[in-house]
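Given as structure tokens, the chain that follows is alone and in the form predicted alone.
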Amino acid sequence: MSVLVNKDSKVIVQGFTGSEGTFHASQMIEYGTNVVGGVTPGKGGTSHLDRPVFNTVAEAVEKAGANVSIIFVPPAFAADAIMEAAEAGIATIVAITEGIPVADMVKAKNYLKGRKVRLIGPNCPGVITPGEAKVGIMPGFVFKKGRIGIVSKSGTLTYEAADQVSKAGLGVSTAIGIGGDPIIGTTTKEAVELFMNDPDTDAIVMIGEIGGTLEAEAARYIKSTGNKKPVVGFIAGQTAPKGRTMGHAGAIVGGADDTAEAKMKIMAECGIHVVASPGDIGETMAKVMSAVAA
């Protein structure tokens, strides 16, 4: 068992018959993910990619036993799709959609409060447990099975970290791309907490970026656990100018604590092995793990 998704996850695709949903669902099926169907309102009763199509998430839960959903719904309707999945009792919702209006996400996030549901994203690459389930848009071949957990705000840096960790002979337990929007479901701290409590994860790679306080909160949590698992950290955007949004909607330096430098300082003070370049992630993790073994 690993965090969030595994070989027993029953995955549905919201926005199943659209071009994005079709392309990525077929890749997920090819990877071996247990995709049990999809949802496209008005197309219920038909089939797509040899899987049943349902009109509603509730129907997919009732008839296919779905417990994980991945969302490829256009931005204007994506928040409604998240709330529909939560209402139907889906345990893990992965929202890939980019460009969901902030006001819609505020509403969706409030709706999720008090419900037993975990939202990953939006504007994220998803979640992968190598060799078991890929619920996202990441290139599956990069991820080799192992015992290092990855949590990242950046999609491409998730793949880079996985590649390096694998090349260092370690491999990945689960990788979680949390997304780079101002309002997301699962925070860096919450993802780190999942890994801290996962018996199949021995160490964690934490990749953040400028803007917001997520990394500082995670770092302080890691310190509060007594650093029970080693963490290698990297912050993207070290050369970013102040006051300018960089790529991700959430990556904007507002105050002194939002800069890469400030975040890296806090992380180092909290006992995290901070690297200045993403190219050092694998090598640093290998050193950390051999020191632990010794």
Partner chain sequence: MNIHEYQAKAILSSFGVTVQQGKVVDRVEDAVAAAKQLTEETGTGWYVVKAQIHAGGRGKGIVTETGSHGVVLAKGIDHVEEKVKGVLGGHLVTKQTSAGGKKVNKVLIAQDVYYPGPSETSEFYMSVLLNRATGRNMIMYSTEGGMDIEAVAEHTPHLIFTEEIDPSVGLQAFQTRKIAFNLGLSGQAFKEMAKFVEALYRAYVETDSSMFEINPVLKTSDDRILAVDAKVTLDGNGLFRHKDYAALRDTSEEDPTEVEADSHGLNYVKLDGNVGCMVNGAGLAMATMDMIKLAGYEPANFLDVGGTADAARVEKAFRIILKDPNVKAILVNIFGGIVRCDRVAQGVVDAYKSIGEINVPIIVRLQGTNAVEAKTIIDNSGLKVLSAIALKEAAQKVQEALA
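Because the structure is a prediction, the values reported are computed rather than measured. Residue numbers count along the first chain shown, from 1.
Form predicted in complex with the partner chain: not shown, discussed below.
Q: Do heavy atoms from each of Gly18, Thr40 and Gly131 fall within 4.5 Å of the partner chain in the predicted bound form?
A: So, no: the whole triplet misses the partner chain.
Q: Heavy atom within 4.5 Å of the partner chain in the predicted bound form: which of Met267, Val68, Val232, Ala251 fits that? Just give me the one.
A: Among Met267, Val68, Val232, Ala251, a heavy atom within 4.5 Å of the partner chain in the predicted bound form occurs only for Ala251.
Q: Please tell me which of Ser47, Asn55, Gln27, Asn227 lies within 4.5 Å of the partner chain in the predicted bound form, judged by heavy atoms.
A: None of the other options qualify; the answer is Gln27.
Q: So in the predicted bound form, does Thr174 come within 4.5 Å of the partner chain, heavy atom to heavy atom?
A: Looking in the predicted bound form, residue contacts with the partner chain do not include Thr174, since no heavy atom lies within 4.5 Å.
Q: Would you check, heavy atoms only and a 4.5 Å threshold, whether Asn197 touches the partner chain in the predicted bound form?
A: Judged by the heavy-atom cut-off of 4.5 Å, Asn197 is well away from the partner chain in the predicted bound form.
Q: May I ask you to state whether Ser154 is within 4.5 Å of the partner chain in the predicted bound form, using heavy atom distances?
A: Answer yes; at least one heavy atom of Ser154 falls within 4.5 Å of the partner chain in the predicted bound form.
Q: Wondering, does Lys63 line up within 4.5 Å of the partner chain in the predicted bound form on heavy atoms?
A: Heavy-atom contact with the partner chain at 4.5 Å: absent for Lys63.
Q: Just one of 114 to 122, 189 to 197, 208 to 216, 84 to 92 has heavy atoms within 4.5 Å of the partner chain in the predicted bound form; which?
A: Of the stretches listed, the one contacting the partner is 208 to 216.
Q: Which residues within 261 to 286 place at least one heavy atom within 4.5 Å of the partner chain in the predicted bound form?
A: Heavy-atom contacts within 4.5 Å come from Ala276, Ser277, Pro278, Gly279, Asp280, Glu283.
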